[in-house]
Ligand SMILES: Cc1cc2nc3c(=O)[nH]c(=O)nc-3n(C[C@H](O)[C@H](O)[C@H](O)COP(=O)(O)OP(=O)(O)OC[C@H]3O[C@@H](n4cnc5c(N)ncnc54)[C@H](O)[C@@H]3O)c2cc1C
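Single chain ahead, by itself, as structure tokens, in the form predicted alone.
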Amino acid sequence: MTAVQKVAIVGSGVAGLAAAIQLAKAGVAVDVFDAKPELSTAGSGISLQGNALRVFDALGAWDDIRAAGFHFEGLNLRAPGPGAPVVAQLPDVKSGGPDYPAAMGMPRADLARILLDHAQRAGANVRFGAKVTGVDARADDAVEVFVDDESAGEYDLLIGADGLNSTVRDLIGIQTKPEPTGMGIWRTFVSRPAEVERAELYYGGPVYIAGYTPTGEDSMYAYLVEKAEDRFGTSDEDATRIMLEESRAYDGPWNSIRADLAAGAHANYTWFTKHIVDAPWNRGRVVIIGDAAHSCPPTIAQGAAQGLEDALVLTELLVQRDAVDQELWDEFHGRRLPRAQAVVEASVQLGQWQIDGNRDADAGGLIFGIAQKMAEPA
């Protein structure tokens, strides 16, 4: 007997679809609502650490995801300037354990499609173009969900996995919201030169960080992290020009990246944010997870992993217990909040050291310490 028989999930990102897969596999009736008209295929690539891969295996999706991405071990640090010499080759901690690669990259669109396919095959009903506009959680044992201002029915639980600007978070009165960290990032999706076999970072030069991650045999995504600027009205043509100009201090594989940008590769811009909602993440029978509950700069590539872990821990408790009670919520928050908070604080600290120009900071030690924490299952 599961603690729930009918669950609504808002959001079709990694956290929402992971929760849908696990609940549907356990025989729970699952409705996923997403305001977007179709599955989002925007964005470039995504970096995934071993603890995220461990969750994909628990979902039953690891074989498909492994085939669609590019897995690798370690991290190269290069210097800006002529030749872009490799100045350090750092090993990665296998945060998912010995059975998984230390890290991998893949196109975001492929990850989204794979998780959606697994959710639907497990039996989840996914509705796009369905905006959740209200919740009534006054009952102790149910929550009524309103979609496009009409009742979609009562559920045993509503999971808000609807991202940074979460509607569910607002509807249940949680005031904590993402705040800018002072950094912005340009991203582009390009071809992978044969020499790029692992993630590489360049520190120094005109931006805080220049880097790229392989995402497939013929693809990778590249990025430049700069001081946050108001770039949001920038045309596609100007976005490409800015990324070209800011990357000229970086040699090596950046020459290939610039060639792709010049040939029409799209550049997009976002700001880094930070926030973490204090416990509880639930208000009665409504709970938020993933980016709705916490966000951080991608300085240690743990954002998606933390959302996946939220979903895995929550659904494990819902499937193994026979009641949604305070004991369940206490265990959920006890397992998730300290871990997510450690990731947020470390990710923000790494970015702040860059902003402050702190050359004495032990960035490697901080990254290694968090990786060691993530090696322990959530």
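In this text, all values refer to a predicted model and were calculated from it rather than measured experimentally. Residue numbers here begin at 1 and follow the sequence given.
Another form, the form predicted together with the ligand, is not on view; read the next lines as being about it.
Engineer: Is residue 347 close enough to touch the ligand in the model of the complex, meaning at least one heavy atom pair within 4.5 Å?
Structural biologist: No, residue 347 stays farther than 4.5 Å from the ligand in the model of the complex.
Engineer: Can you work out whether residue 76 and the ligand are in contact in the model of the complex, taking contact to mean some heavy atom pair no more than 4.5 Å apart?
Structural biologist: Residue 76 lies outside the contact set for the ligand.
Engineer: Evaluate residue 187 for contact with the ligand in the model of the complex, applying a 4.5 angstroms cut-off between non-hydrogen atoms, and reply yes or no.
Structural biologist: Close contact exists here: in the model of the complex, residue 187 approaches the ligand to within 4.5 Å, heavy atoms only.
Engineer: Closest heavy atom of residue 47 to the ligand in the model of the complex, within 4.5 Å or not?
Structural biologist: Yes - in the model of the complex, heavy atoms of residue 47 and the ligand come within 4.5 Å of each other.
Engineer: Is every one of 156, 281 and 333 in contact with the ligand in the model of the complex, taking contact as a heavy atom within 4.5 Å?
Structural biologist: No, none of the three is in contact.
Engineer: Only one of 284-292, 249-257, 91-99, 199-207 has heavy atoms within 4.5 Å of the ligand in the model of the complex; I'd like to know which.
Structural biologist: Every other range fails; the passing one is 284-292.
Engineer: If you check 125, 191, 270, 176 against the ligand in the model of the complex, which one has a heavy atom within 4.5 Å?
Structural biologist: It is 270 that has a heavy atom within 4.5 Å of the partner.
Engineer: What is the one choice in 58, 319, 29, 35 with a heavy atom within 4.5 Å of the ligand in the model of the complex?
Structural biologist: Only one listed residue qualifies here, and that residue is 35.
Engineer: Going through 147-181, which residues have a heavy atom within 4.5 Å of the ligand in the model of the complex? Please give them in sequence order.
Structural biologist: In sequence order, 161, 162, 163, 167 come within 4.5 Å of the partner.
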